[in-house]
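Take a look at this single chain in structure tokens; it is the form predicted on its own.
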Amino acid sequence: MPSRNPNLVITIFCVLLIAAAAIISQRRVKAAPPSGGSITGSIKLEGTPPHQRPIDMSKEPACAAVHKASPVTAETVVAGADGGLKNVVIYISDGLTGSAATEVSPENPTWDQKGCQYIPHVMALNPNEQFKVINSDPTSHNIHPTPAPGGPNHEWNKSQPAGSPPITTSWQAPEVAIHVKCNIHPWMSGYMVVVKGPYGVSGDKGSFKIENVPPGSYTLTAWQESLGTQTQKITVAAGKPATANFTFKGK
């Protein structure tokens, strides 16, 4: 029976022990809860919502047919029966530091043209966050974002016929907000809101949620395309939710 080398046995045992410790450490890291918190809340409209003009799509029969049962109106102010205000962008306008101020969201949102409307009507994203523009209609569109003249974001105007591939692009710098229009269908209107750090957009009932917010004290801003902006101070603790509510008044 061959003799065993005690040094070799000890060496193998040490290697196995180190490997086991590394695996356990990795599992612990994966199981650890995130250190960031979240911000939730609601956006309300006080008073009577302003009248939204009806949109005449008769010059584009394919789109008019889509909305035959339910004609569409402008989306300048969209409020529910309980006053919940939709399409409000909520973001951190002051207080972000370090990597939190430059981190790019992995969401890669999609800007669709469907029924001769922009969906979503308002889209939030980070600088350098890629997004896709698609055309779900059986007709041609052109996408014409109009950033502030002379700024770091540059105006462009691209045609997108029916069935054409997505346009993938991004914005270089923060800008609140970039208006988007279609030169073929003048009623089409929407906004891209480019902000640093975590963001949220209010839904049909006016609620929103911003996730992965580093612990700290911040200024939170709510932007609405027609009603302007509001700000408030907020403190976020590690792993805990914070709450912020905003109320806009109808003009």
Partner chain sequence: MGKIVAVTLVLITIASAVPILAHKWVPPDDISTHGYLIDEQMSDTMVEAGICFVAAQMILAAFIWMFSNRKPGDKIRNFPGGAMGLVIGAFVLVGLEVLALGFFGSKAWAAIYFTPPSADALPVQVQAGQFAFYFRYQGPDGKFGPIHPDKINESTQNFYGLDMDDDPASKDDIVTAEMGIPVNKEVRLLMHSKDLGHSFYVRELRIQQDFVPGLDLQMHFTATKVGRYEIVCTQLCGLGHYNMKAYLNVMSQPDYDAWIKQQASMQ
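Numbering follows the first chain given and starts at 1. These figures come from a predicted structure and were not determined experimentally.
There is another form of this protein, the form predicted together with its partner chain, and it is not shown here; the text below is about that form.
Remark: of stretches 71-79, 105-113, 125-133, 84-92, the one touching its partner chain in the predicted bound form is 71-79 (heavy atom within 4.5 Å). With the partner omitted from this view, the residue of Thr221, Ser189, Ser38, Ser42 that lies near its partner chain in the predicted bound form is Ser189 [heavy atom within 4.5 Å].
Contact annotation for Thr168: none of its heavy atoms lies within 4.5 Å of its partner chain in the predicted bound form. Contact check for Ser58: a non-hydrogen atom falls within 4.5 Å of its partner chain in the predicted bound form. Under a 4.5 angstroms non-hydrogen atom cutoff, its partner chain in the predicted bound form lacks Ser207 among its neighbouring residues. Heavy atoms of Gln172 never reach within 4.5 Å of its partner chain in the predicted bound form, leaving it off the interface.
Taking a 4.5 Å heavy atom cutoff to its partner chain in the predicted bound form, the contacting residues in 107-145 are Thr139, Ser140, Asn142.
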